[in-house]
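Single chain ahead, written as structure tokens, the form predicted on its own.
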């Protein structure tokens, strides 16, 4: 008897609970997939057909006109490169700052620690939109308007990410670090050789969340730059308009282009995302 036949014979019938959970999973998946499918079908319509009211689901005439027009009229490659540069730099800075700050709060004692921790956590209660004007004024006074640094640095205040890593570092047994101290290791060596390797799931989750948030950020790059050569993907897609209104087919094509890297990130790093959430305790908080 082959192994395939053994597996077929040992397969048990589905229980009612498994059937219900599967149906719920299919329904939830359909809720998330439907908008993406609608955007794809709209992008394959002509502009006249995409603007029809009420809209219909499938195109009457399938065409890639919107995709071609977007590539011809918009600087998609430049938008993509700008978004990639900004997102990668923001992610790198946030990972460095949040890891060092989280470890410092979790493992060191210094005067004013509780006050400083309270100040950092107060950042969780303030909407980024409220800080738009003072941040822009500061960036303008520093001469960083229409620069990469002007888009990058204001996004590198990771109060939530500091808290996530702070809670994770608190859960690492102190005995591991104390054993390394006894062997003569210093604080920095312990951090890089023991703490960071143990924190890889949480660091991966923080990095992925930060990258996605920076990639999708529309408001701040829109405020801080007027140079078309520095537009990111969300800002560039917002320019897909003319005197007659929004070009819906091109807008949907641009949205799919902008969302494709995020889909790829999730497909390849979904295990790290789940593991990071589980290790940081976000699921229970």
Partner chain sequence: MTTSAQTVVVPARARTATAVATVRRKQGFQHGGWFVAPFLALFALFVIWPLLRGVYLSFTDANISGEGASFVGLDNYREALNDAAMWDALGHSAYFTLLVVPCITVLAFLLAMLAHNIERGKWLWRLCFFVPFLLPSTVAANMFQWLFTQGIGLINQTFGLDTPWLTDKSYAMLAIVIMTLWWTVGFSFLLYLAALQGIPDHLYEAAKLDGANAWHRMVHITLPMLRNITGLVIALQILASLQLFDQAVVMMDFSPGPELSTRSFVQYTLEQGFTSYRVGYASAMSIIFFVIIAVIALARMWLLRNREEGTR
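The term rigid core refers to the maximal set of C-alpha atoms that superpose within 1.5 Å between the two forms. Residue numbers count along the first chain shown, from 1. All values reported here derive from a predicted model rather than from experimental measurement.
Another form exists, predicted in complex with the partner chain; not displayed. Remarks below refer to it.
At the 4.5 Å threshold, heavy atoms of residue 84 stay clear of the partner chain in the model of the complex, well away from it. Although the partner is absent here, residue 167 lies well away from the partner chain in the model of the complex, with no heavy atom inside 4.5 Å. Taking non-hydrogen atoms only, residue 35 approaches the partner chain to within 4.5 angstroms in the model of the complex. Contact annotation: residue 61 falls outside 4.5 Å of the partner chain in the model of the complex, judged by heavy atom distances.
Exactly one listed residue, out of 95, 101, 199, 76, brings a non-hydrogen atom to within 4.5 Å of the partner chain in the model of the complex: 101. For the stretch 178-214, the set of residues having any non-hydrogen atom within 4.5 angstroms of the partner chain in the model of the complex comprises 178, 181, 182, 185, 186, 187, 188, 191, 209, 212, in sequence order. Superposition of the core reveals a Cα shift of 2 Å or more for residue 55 between the shown form and the other one. After superposing the rigid core, the C-alpha of residue 260 moves by less than 2 Å between the shown form and the other one. When two forms of a protein are overlaid on their rigid core, residues whose CA moves 2 Å or more are considered shifted, and residue 28 is one of them between the shown form and the other one.
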